[in-house]
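What follows is one chain in structure tokens, specifically the form predicted alone.
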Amino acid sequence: MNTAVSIVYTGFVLGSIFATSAVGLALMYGTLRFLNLAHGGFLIVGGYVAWLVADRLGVPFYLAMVIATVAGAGLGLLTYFSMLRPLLGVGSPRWDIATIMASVGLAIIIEAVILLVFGPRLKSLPPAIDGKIIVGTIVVQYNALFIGVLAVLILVVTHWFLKSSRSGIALRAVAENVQAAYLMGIPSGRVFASTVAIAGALATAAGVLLGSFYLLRPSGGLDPMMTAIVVVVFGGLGSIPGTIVAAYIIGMLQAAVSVFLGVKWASPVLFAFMILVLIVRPYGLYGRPEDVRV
């Protein structure tokens, strides 16, 4: 019983954070066909911005997260206008190669800037809520539950935006078929810019959530970025529902592996699981071949 509670509790929290982190990545791929390998840098920016305003300026956790989210949206817009917009129109496969190389360069620049500004010493965010409850032999931290619920709330708001708002509907139309959306009068450039801004905001928000669990370091974005990529690929590239379902499956899987085999086996089992799934379903859980999708 205690083992089951531990797996469900940890899996829920991890899955919620993974989903928040990966949704932005899925949005950018679904709309621009851009796999952002600087995603880990965005996560770290969120953590460090929140630490700066919370630890140095004494701002509450909630406001620190809002500020980090706004900073992520601004970084996303800067990324679009300085890096992605000049590359639009080059066509595939040049677009794929160019954006991959550019995003790798951006990741290196972000890490270098953070190292220069904040230094190499580890930093930690203050918890949003103190306290704990003991269930059997399991210690459940209130902060962890709060972070999990907050991540779910972010996902609900994102779902509402994509399904019900005018801008969200335009974004989904461009993701489905950019030429048809253009003929319907939807400005694709504006949609591209807003997509990258939203993805940046989601990434930095996820970085704050991660920062409440793990110590911050300039190179700390690699592991969560790799997990986010696995989630997006497993769920189906560009599929938001698939990304969310995959995030919770992977969260539960990592929690179970950590309990039964140890934390060091979490990543190897995760990638082995992804390989097996893609052998059976090459397009992921909710993915479709390109000719079917468009």
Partner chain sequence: MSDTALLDVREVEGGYGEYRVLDGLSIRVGEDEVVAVLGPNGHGKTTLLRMISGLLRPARGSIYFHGQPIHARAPAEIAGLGISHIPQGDLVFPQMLVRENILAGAYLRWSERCERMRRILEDFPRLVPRLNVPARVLSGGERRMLALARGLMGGPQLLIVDEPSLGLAPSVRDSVYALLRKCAGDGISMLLVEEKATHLEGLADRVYVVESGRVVLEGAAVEILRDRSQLLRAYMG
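Residue numbers count along the first chain shown, from 1. Computed from a predicted model, the values in this text were never measured in an experiment.
Just so you know, the form predicted together with its partner chain exists too; it's not on screen, but the next bit is about it.
Of the heavy atoms in Tyr214, none are within 4.5 Å of its partner chain in the predicted complex. In the predicted complex, its partner chain lies farther than 4.5 Å from every heavy atom of Lys132.
In the predicted complex, at least one heavy atom of Pro187 sits within 4.5 Å of its partner chain.
Although the partner is absent here, Tyr142 lies well away from its partner chain in the predicted complex, with no heavy atom inside 4.5 Å. Screening 199-207, 117-125, 166-174, 147-155 for residues having heavy atoms within 4.5 Å of its partner chain in the predicted complex returns a single hit, 166-174.
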